[in-house]
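Okay, so we've got the same protein chain twice, two forms, each given alone as structure tokens, structure 1 and structure 2.
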Structure 1
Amino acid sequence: MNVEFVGRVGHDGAVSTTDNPETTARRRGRRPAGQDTRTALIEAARAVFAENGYDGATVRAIATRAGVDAAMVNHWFGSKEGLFAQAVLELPFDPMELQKALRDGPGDELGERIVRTFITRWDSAGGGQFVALIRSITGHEQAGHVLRDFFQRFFSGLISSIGSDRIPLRMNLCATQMVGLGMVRYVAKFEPLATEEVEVLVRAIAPNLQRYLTGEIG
């Protein structure tokens, strides 16, 4: 027997249908009560993109993780691409505001402030967005652009503010240090670095980063 599905999408993304036992049984992926559908999708997308990268993540897998119907992805974001842009490509902080805050202090301690801020900001965000960004670079060109643009804007301004020379090279060297740190702590999760205390890592890594910022680089 054919059952006609009659429903509409509300402002909160929930799907309401005519009450019918057979129709109710066919409902898939209803979101948990009280949970915002859009937020649930973004959180699920970050997790799935982090696990599988852009190419390996599917709309169905993300929707299942969020506990909603796959149609909600198109409803809220237009496509998988749109969801990726919202969940991964929008960084959880403003690089320019962060740069301004880091300038406040002695130039010879800038490396310490950068390492400490980098770890604490990404730790507070769970590290998942960084992982999703890194794992998606090979399958999504824009992910590489976002990462490159972040480090270019972030480090070039800081290096200029302390009067160092050879800004492009220093910027790239700083990026190798910080991307490498992120890879080991959040992506590969090498122990003990993955769970090491922030200040231990600051003391260990900052001197090398400081040399890239202000020291002799040959």
Structure 2
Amino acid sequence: MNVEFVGRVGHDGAVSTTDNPETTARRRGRRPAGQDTRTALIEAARAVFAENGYDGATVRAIATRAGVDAAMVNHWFGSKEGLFAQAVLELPFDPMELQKALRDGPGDELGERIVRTFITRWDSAGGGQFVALIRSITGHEQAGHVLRDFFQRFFSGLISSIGSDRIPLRMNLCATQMVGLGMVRYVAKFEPLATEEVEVLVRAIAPNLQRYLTGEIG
């Protein structure tokens, strides 16, 4: 799928000046200013993704619950994945665009690119968003399922492009390293890692990630 990332990233703009979000009557044409379709979609998406996982959740179901047309998903978030990123994971980047960028370059340096990009993006977004992500995962029972689907899609696409065996396990192992990195740097804030230079961490962690991607894992 070719995805153009339209949705805003991270910040909550001054969009929501809604006075009554519980209106059930639907009109055709452009709705009055201040009716925050985008927020309604995010809330509906949180519920539907949590209930059914990524693959099980349909754009139509989300739009119906939000009380808007399904086309609004593409208008506000570019794609189903863009909505997913904004609503559930609150990622500070677009997964597809990132995956595409990571594929550019030699396969034996993929781990390096992943670690560098991961730290750079989350750093610039501020650690608070990662904390919110983890909290949503530990809080809701189904949120782990959502993250699992996402990781599977994201990492398995990367790994398959360099042709390793035991893709599912390798994807899981990569997840342990990257999630743990986020936990230590942004949630628990261990020193010196939390304030360490990016390239130092890349040199330290990338070889381990690369082993999970293409190395011998027993």
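In this text, all values refer to a predicted model and were calculated from it rather than measured experimentally. Between two forms, the rigid core is the largest collection of C-alphas that superpose within 1.5 Å. Residues are numbered by position in structure 1's sequence, first residue being 1.
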| property | result |
| --- | --- |
| Structure, 1 versus 2, that is the form predicted on its own | 1 |
| Core-aligned CA displacement of F118 at least 2 Å between structure 1 and structure 2 | no |
| Rigid core superposition, G182 Cα moves 2 angstroms or more between structure 1 and structure 2 | no |
| Rigid core fit then A85 CA moved by 2 Å or more between structure 1 and structure 2 | yes |
| For A61, CA displacement between structure 1 and structure 2 after the core is overlaid, in Å | 30.9 |
